[in-house]
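What follows is one chain in structure tokens, specifically the form predicted on its own.
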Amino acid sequence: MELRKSYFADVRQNGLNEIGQPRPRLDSPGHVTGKTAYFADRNFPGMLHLKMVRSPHHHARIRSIDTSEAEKHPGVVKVLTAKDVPHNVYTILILIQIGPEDETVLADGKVRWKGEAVVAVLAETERAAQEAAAKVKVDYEVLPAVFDMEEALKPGAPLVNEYHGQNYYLYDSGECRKVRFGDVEAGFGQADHILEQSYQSSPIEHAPTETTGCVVAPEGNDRFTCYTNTQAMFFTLDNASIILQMPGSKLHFVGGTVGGGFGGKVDVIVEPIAILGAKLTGRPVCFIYSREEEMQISSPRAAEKVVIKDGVMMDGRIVARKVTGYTDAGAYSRHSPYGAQKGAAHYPGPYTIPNVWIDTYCVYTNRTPSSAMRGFGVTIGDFALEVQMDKLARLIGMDPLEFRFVNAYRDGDMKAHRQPTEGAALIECMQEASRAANWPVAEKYMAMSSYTKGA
């Protein structure tokens, strides 16, 4: 690693001891010697194992649930359904006032995606819990399902989530998050060329080495310790408190060591029901996803579709950009409304464009609920934007790196969401990339600065 001190020398602090220096990770010795303790390393006397009965259908009404045979299975201690959960309908972003509550801990009256949790079985052994779960009888009335975002937005499409009343998240700006800057139609009118392209991605599973799970131990006096691999400790604790209608002071969460997460372990999907099982039985409870569950049940990166229309001049200036983005939330919100909103702010890209129009939709379908994954809401958009930039450069016969120099935002430029650019350093990053990649550009671009337009 090399720290280039020639850039921004007038504002750089000297005497820094950490920045620019290689440092060993503090947790590395434990990992390579096998001494690191993970949540599943905890084993308590009398610990019960929790297994879920999950929906085999993408969309269905639950006519009835019969748990009688499961309850009689040897080793079964407790069977839980929706009526046992104190606050069964929730949404994890309610902590930051993003509602409505739209997801059930255990399905109540309806399932909206294949794999949705319906019944929880707690037994003395993992095998007994699995065998008993197979004996639960659920009578379903299969309903029409929708899997395509644009189909879901059409009139007459099956309604995925009644808590919303329509197949999209309703922002304060309406059916989509909107950004308006300048006059995009006037920009297209003056452009020498117009290019419109569509880009699409599929859901992406995190596939962590360690599957999602937790171990809960009663501590007496209605207090519980939850050993978990969540990536969002206090987020999970607060949501568990709401779902269980228990004060947070009664819950002690222990974590910090995650065997692979990448954003996939920020959803509150195992801790509340495991704590409830421990509370109702008075015994420790272990709830760990199988590999099959991890692949099917845990939230993936959302499928996205991005439609970009650009107006460009022959001298390389982009004068108009219109983007319509679609984020597939699956059956429930989780983090997707936030992800789609991030996309709206990001879609203009790190470029100064005088006329911008952005619409981003968070769409509900009967697919596995999606959520966070490294840069969610931005990563797929970046792919689309930068491929579009290459196509635009090719369209006007310009070097793609020089094309980016022409349009790169600099300090003081107003972004489309009306925030002035500060500390951009994009020009300098591209200059170093040019040198490192041995990709020569004209000297005028190497003389540019992020500070001013004229340099």
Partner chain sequence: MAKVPVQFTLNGSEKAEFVDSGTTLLHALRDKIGDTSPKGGCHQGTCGACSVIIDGELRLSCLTLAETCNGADIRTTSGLAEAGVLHPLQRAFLDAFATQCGFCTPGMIMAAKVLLDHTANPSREEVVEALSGNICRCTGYEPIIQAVLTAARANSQNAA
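Numbering follows the first chain given and starts at 1. Quick caveat: nothing in here was measured; it's all calculated off a predicted structure. Here the rigid core means the biggest group of C-alpha atoms that line up within 1.5 Å when the two forms are laid on top of each other.
Below, we refer to the form predicted together with the partner chain, which is not included among the displayed structures.
- The contact residue chosen from Asp238, Glu101, Glu210, Glu293 relative to the partner chain in the predicted bound form is Glu210, the criterion being a non-hydrogen atom within 4.5 angstroms.
- Proximity to the partner chain in the predicted bound form, taken as a non-hydrogen atom within 4.5 angstroms, holds for one residue of Gly397, Pro45, Gly34, Gly423, which is Gly34.
- Interface residue remark: Asp27 is counted as part of the site for the partner chain in the predicted bound form, having a heavy atom within 4.5 Å.
- Using a 4.5 angstroms threshold between heavy atoms, Glu126 counts as touching the partner chain in the predicted bound form.
- The shortest heavy atom separation between Gly375 and the partner chain in the predicted bound form exceeds 4.5 Å.
- The closest heavy atom approach of Phe262 to the partner chain in the predicted bound form falls within 4.5 Å.
- Partner proximity in the predicted bound form, defined as non-hydrogen atoms within 4.5 angstroms of the partner chain, places exactly one of 163-171, 361-369, 149-157, 201-209 at the interface: 201-209.
- If you fit the rigid core between this form and the one not shown, you'll see the Cα of Asn438 move by less than 2 angstroms.
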